[in-house]
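One chain is shown next in structure tokens, namely the form predicted on its own.
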């Protein structure tokens, strides 16, 4: 991308909002910064309205810092906790109605390929477990069946968190929530395996307690989607509001979930993806 697209036209420097000027001067665009550089540049998510201790907020911050080309990325979000903070994301993003994100991302990706045939434009669909694992699952899976070339990222907080705490397909069996007082009766959906079997060339699950691993997975998923086809990442996002633990305990809860095996780090890589990963990670 030509950096002049986001640079301020001469004479308008004093008129543009300070946040925009800071992004132009100190943002990550075109600089190939990453998670290890957090705190040294103007971040792409600031002053969001999500709850204190929200695992989704931390995960989104890490995702945005991990994108291989944020200046050439469009995010397609959807209804849910994650949508509350998209107004604070300094990347082009679109809000779709609940569960439609993968259908919208399909049209967007195809349109970008027609409009910019000689440029790489990344599309990333993001949503919670309700949008991706439940209500939007049909459209999500059909985008995978068709081999659409974009990445899907699930913020897995194991509940419908912003509507009072109903159980979702991603809630653990037995989980007790505000609106599931007797506990969930069936097991958590195996979404990484569903994604793999539905045609994703790369499928992974991770937690924000492993920022470098998360960064590696996001970069792999986005770059593989450019060349090969659909990719999927699932990120555990502990929810202190509905699971009723202290906001300061979010990362401890994440590590406890990993330690107990309740949330597992996984990575499925197709043979074609394996070959491509070797090439671009060796070059790096």
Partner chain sequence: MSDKAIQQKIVEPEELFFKAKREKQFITGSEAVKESIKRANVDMAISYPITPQSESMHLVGDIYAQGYVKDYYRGENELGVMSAVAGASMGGVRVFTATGGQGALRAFEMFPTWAGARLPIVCAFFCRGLNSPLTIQPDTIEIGLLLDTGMIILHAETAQDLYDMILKAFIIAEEPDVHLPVAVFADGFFVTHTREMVEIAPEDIKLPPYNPYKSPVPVMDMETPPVRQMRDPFVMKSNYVSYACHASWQQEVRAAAERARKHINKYLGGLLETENEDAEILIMASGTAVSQSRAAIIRAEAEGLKVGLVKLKSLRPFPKDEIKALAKGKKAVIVPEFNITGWLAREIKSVVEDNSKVIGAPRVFGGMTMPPELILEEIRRRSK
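Values in this document were obtained by computation on a predicted structure and should not be read as measured data. Residue numbers count along the first chain shown, from 1.
The following text describes the form predicted in complex with its partner chain, which does not appear among the structures shown.
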| query | finding |
| --- | --- |
| Sole residue of 249, 26, 46, 37 within 4.5 Å of its partner chain in the model of the complex, by heavy atom | 46 |
| Options 163-171, 89-97, 125-133, 189-197; stretch whose heavy atom lies within 4.5 Å of its partner chain in the model of the complex | 89-97 |
| Close approach of residue 176 to its partner chain in the model of the complex, 4.5 Å, heavy atom | no |
| Contact test in the model of the complex: residue 183 vs its partner chain, heavy atoms, 4.5 Å | no |
| Heavy atom of residue 70 within 4.5 Å of its partner chain in the model of the complex | yes |
| Its partner chain contact in the model of the complex: residue 139, any heavy atom under 4.5 Å | yes |
| Candidate spot 217, 263 and 281, all three touching its partner chain in the model of the complex (heavy atom, 4.5 Å) | no |
| Those residues of 99-116 which, in the model of the complex, come within 4.5 Å of its partner chain by heavy atom | 100, 103, 104, 106, 107, 108, 110, 111, 112, 113, 114, 115, 116 |
